[in-house]
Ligand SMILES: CC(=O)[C@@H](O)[C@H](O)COP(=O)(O)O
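Quick heads-up: it's one chain on its own, the form predicted on its own, in structure tokens.
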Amino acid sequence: MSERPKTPLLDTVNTPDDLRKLEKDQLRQLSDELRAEMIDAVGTTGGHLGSGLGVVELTTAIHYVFNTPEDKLVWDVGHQCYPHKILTGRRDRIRTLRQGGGLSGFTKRAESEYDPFGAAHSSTSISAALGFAMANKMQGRPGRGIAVIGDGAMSAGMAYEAMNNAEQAGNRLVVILNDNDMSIAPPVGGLSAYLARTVSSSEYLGLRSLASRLSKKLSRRVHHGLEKAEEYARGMVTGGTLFEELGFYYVGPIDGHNLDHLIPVLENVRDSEQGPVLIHVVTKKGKGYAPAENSADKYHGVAKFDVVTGEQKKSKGGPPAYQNVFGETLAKLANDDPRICAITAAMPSGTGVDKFAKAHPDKAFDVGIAEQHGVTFAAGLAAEGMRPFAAIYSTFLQRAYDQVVHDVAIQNLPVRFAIDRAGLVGADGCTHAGSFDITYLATLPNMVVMAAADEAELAHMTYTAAEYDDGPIAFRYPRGSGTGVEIPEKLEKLEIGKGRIVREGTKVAILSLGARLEEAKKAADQLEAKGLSTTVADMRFAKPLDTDLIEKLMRSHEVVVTVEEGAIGGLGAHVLTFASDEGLTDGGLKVRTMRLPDVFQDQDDPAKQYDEAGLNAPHIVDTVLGALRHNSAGVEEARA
């Protein structure tokens, strides 16, 4: 184990109040120590490294200049918040990041007063910061709203909706555009830094204000013309015309790693009456750590790694990841079907679309952080005869629910939804858990909803979805690796709305949907050992239900238990509704539904999360025994 970095100056800083006691010429050393501490911490825990390294100086400068937590600092997404956590009283717990009982990998209101707004989904920061700014303004209290948003997050429409509504906030709102991909930034350097300092200075803004007042004495047309001329002239030099049109005073671009450039501009903005202001800061992902800077993904998300070499801890191998099974299967299907295409919303590797794109680059579309657009784009493709697959995490598909309903389901368009990260997701916690998709999709007319029990089932469902043209169809699958079953070369086109019996019994029936099947089989083994003959069914479909199978099992078993990796309102609710409608529970049948609890579960190891949720084999056994109203000893006595 390597020795922790020496951080004598950082050791004196527990909160931003301590930071503000330092001299400006000490901030360079502090930033270097902060970067070293973050690298060492993430090397221990794994997590999001590159984005945090890119904002070390920016984080230091913001907390040094602004009066946090009175000024509300909102980080978009939160991937880059690790340096912020270290400077805001959480350094002693920084090596518990993303672990059970430890710090969240994102900002979290319950964790610190310096996290005024929780974030793990993209493009929410400006709206939230605007809310803080306006609330303080209306209540006559001090305090700004400061949003730090990356250029990737600016691809989502919500950011522009917020900016279009921000003018009333005035100087209470500061938006810092963290441009870390060089995607929209002109060159930065001494000249641009000088210009940024100049246009944000009180002298420039004072002259600008005076000129504006004088021009108002002229006709409205002349005044407006002069105002636009100044805006466009400044925009041609600095590149901020778009933001000016949205009502922001644009400053930048400036080097986000040069504290001598950052501090004066932030101070000018803090002291200015002009606003709202957008500060365009250019940073570099992975800054200051060579392995990250030289990596294609800039170490965006990493496993535990050796700090000296940058080598990440390799997994032990084993079955393929579910997203790769999907991507590779879809790529093979597209070899024979030119209508197949794939859409992802800024998550190509996370969804497996990168595998498809490698084989079919002209038929893969990364729409950016724009799930709403992605779904409606898929609807248009489907309407014109293509076979689009919208591969989106369950938690992110929530952002496009109106499009799923209005643009896809109502029109009965055959969009295929490949829903990754179904169920609990471990270290990313509740913000990324796929808890609700069964419920929010299975309630929709025209929608078909499948859930894969293993990687072979996922391959079959991908093929089934490709061949299904009668309306929208979705299939969900979990994060991580499969179970190790062999994926057949010849895929099966599943009959819509039909499950399968995995093992047959006579007394207890377990109806499993999705990846709890292995736990259901373990539970069946334990129940058999207690003398309770158990059937296990893989339902495959949450909608349409296999009503024939359900009725058969309910009429031939004493206890029926549904098990799923989803919230209330999913398979169990639909099975109970069917049973009630058909009178299947009128004769004393015992039905129990097992699902995720009605809480947002924090990050932990997935197995522990499912243990906490009560969805592992022992919990299934206990549910059955509880329904039969006897304990294990009672069962043994009954057998005797």
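The first residue of the sequence shown is number 1, and the count goes up from there. Keep in mind it's a predicted model, so treat the numbers as computed, not measured.
One more form of this protein exists, namely the form predicted together with the ligand; it is left out here, but the text below deals with it.
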Exercise. Given the ligand superposed in from its position in the predicted bound form using nearby C-alphas, should this pocket be scored open or blocked (3 or more ligand atoms within 2.4 Å of backbone or C-beta)?
Worked result: open
Exercise. Among F541, F417, Y250, Y393, which has any heavy atom within 4.5 Å of the ligand in the predicted bound form?
Worked result: Y393
Seminar exercise, completed: Partner-free chain; cross-checking the ligand in the predicted bound form, the single residue of A120, L381, A334, C430 with a heavy atom within 4.5 Å is A120
Problem set entry | Region of this chain that lies against the ligand in the predicted bound form, out of 274-282, 258-266, 523-531, 420-428 [heavy atom, 4.5 Å] | 420-428
Exercise. Taking heavy atoms and a 4.5 Å cut-off, does H63 contact the ligand in the predicted bound form?
Worked result: no
Exercise. Can you check whether R172 is within 4.5 Å of the ligand in the predicted bound form, heavy atom basis?
Worked result: no
Problem set entry | H574: touches the ligand in the predicted bound form, heavy atom cutoff 4.5 angstroms | no
For this session: Answer with yes or no whether I343 is in contact with the ligand in the predicted bound form, where contact means some heavy atom within 4.5 Å.
Result: no
Problem set entry | the ligand in the predicted bound form - contacting residues of 442-457, heavy atom within 4.5 Å | none
